[in-house]
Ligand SMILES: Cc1cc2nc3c(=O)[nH]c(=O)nc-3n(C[C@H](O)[C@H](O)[C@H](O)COP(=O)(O)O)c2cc1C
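First, one chain by itself in structure tokens, the form predicted alone.
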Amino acid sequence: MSISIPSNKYLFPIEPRRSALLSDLWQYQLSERYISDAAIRHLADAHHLSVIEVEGVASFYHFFQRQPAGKHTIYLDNSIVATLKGSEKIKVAFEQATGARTGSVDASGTFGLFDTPCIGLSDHQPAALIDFYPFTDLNEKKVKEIVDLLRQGKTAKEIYDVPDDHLRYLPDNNRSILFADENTGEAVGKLQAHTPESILELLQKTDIRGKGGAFFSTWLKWDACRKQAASPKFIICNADEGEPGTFKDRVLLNSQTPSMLEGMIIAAYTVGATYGIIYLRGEYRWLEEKIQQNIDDFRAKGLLGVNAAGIKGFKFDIRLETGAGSYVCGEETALLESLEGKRGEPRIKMYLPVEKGYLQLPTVVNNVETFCTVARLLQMGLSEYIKRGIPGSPGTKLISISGDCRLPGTYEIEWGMPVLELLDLCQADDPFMIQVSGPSGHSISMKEQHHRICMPGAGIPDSMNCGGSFMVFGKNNDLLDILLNFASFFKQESCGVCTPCRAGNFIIQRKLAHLCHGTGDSADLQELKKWAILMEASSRCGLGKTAGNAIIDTIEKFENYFSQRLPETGNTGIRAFDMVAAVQEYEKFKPLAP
């Protein structure tokens, strides 16, 4: 197999060879359906690395298989929303249709069947990826039809479901920002009337902040990068939207790619960057072709390359890189390590990315929604933008909604909307607990239904912030089951570098399983809370710091639930014999129906 770094006369002449390692591993995975020992040795030679170094990278990512993964590789979503929507029945249907047990390949080598965390399709559950193409709203009949077509020689690309964006709500009276009418190139066409300083002033006046949940001031980040003397500089779009329950960036990538690219161009002009990279999550590989076509179109129109956007002396180009299944790569320094062809482990925070980011050079990292918002700001202008939202929180926010509601999908709301109004819009079914901003976010009860959704520091009484998603859980759901699903996710996705996160997530998962089985008591809850607080205080990156948020919140806000759900303190750990639970392991090994 030929291994090379993609390049053209504009594109990244300074990148070291190792930066192509992720792409090269993907070439083997896609063509051979796994990464063999021979492939590891070949890549080690090609990149002048040791076999152990390449093995370390390949083993880090979920979608790189070291054993044959089947001619058709099926990844079934096992996130909490998928589970609530019946993914267990779909798993059985796939096992019966393919003859493969979950976690293995069938005897013929045709089908590999594996579990995977959220695939960004929570509004289309149950869902799966087959050969990295999405199949949505699954039922037993549909599973059989899909498998039959694949057996007949159809490819996943020929038969996959193009997910509906489910754009459920936009602000009234044409007040949408992100989905307003736009003409490609209109935003960057206004750059010539601006200086970098005037763009920073616009960002400061509108108080646009990072839209991924950290809410860091965009103008401060860009200004800090602009002031760095080192060059060249990089603009990186973090499209690694891995938070379970979140899919808003998927919608933007699918329908608003030009806005994202224009936002990156504006950032490059402002900070003096030469190169841009879009880091796309592996679960969104099916969007690669569309995104690449948009990049090619921008080049053809002169919006990228030499004298980009018609500005003499402004040189900027963008390339696309695809991750391989790692939640922690959503953390910006882990993403940078991944782009450099390494394991996606968060860096020690000695320097900010704007100081020493990609290749230790000044780098701006923002997410898809942030870049789209900046492009629309330049398109519509300051006076129009600040008409949206409320004082202290101007503008709009995209929120992905899923779970126990009749209208799951994407909602663009103006900042300041009360929680209850959003729940009414999505037709939530008897909501009990809402998980805001994914498992790493916060849990709220209906006592907070009148709180207004605002940016942090807006000075609004009874307000809360939201990084991008609501998972709605009705009263029939067991909170312990939800927390166990979250804990299992964090245990699996922890990079394992720091002890608080590595050990803490393992212990939390085991303690929650203990409680779910009815052998724990309220003392275990307090121990769980202590572990969550310890991880928050001492973990190396955001994964460990936020993994216990839902535990702390639910223990504090749902005291009545836990008092009814758990035995009284002093429980001996002895429980009634449960025949169903006792034979569960046996059931896994029963012969499959022909």
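In this text the structure is predicted, and so the values were computed from the model without any measurement. Each residue number is its position in the shown sequence, starting from 1.
The next section is about a form of this same protein that is not shown, the form predicted in complex with this ligand.
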Query raised in the report: Does this ligand come within 4.5 Å of a heavy atom in each of Ile119, Gly245 and Gly282 in the predicted complex?
Result: no
Query raised in the report: Though this ligand is not shown, can you say which of Ala273, Leu76, Val365, Leu138 has a heavy atom within 4.5 Å of it in the predicted complex?
Result: Val365
Query raised in the report: Quick one: of Phe316, Phe94, Phe473, Tyr327, which gets a non-hydrogen atom within 4.5 angstroms of this ligand in the predicted complex?
Result: Tyr327
Query raised in the report: Can you check whether Glu262 is within 4.5 Å of this ligand in the predicted complex, heavy atom basis?
Result: no
**Report entry** 4.5 Å heavy atom contact, Ile551 and this ligand in the predicted complex
**Finding:** no
Query raised in the report: Should Ala214 be counted as a contact of this ligand in the predicted complex, where contact means heavy atoms within 4.5 Å?
Result: yes
Query raised in the report: Does this ligand get within 4.5 angstroms of any non-hydrogen atom of Thr370 in the predicted complex?
Result: yes
Requested in this report: Would you point out which of 424-432, 253-261, 179-187, 233-241 contains residues with a non-hydrogen atom within 4.5 Å of this ligand in the predicted complex?
Outcome: 233-241
**Report entry** Residues within 4.5 Å of this ligand in the predicted complex, restricted to 521-555 and counted by heavy atom
**Finding:** Gly542, Leu543
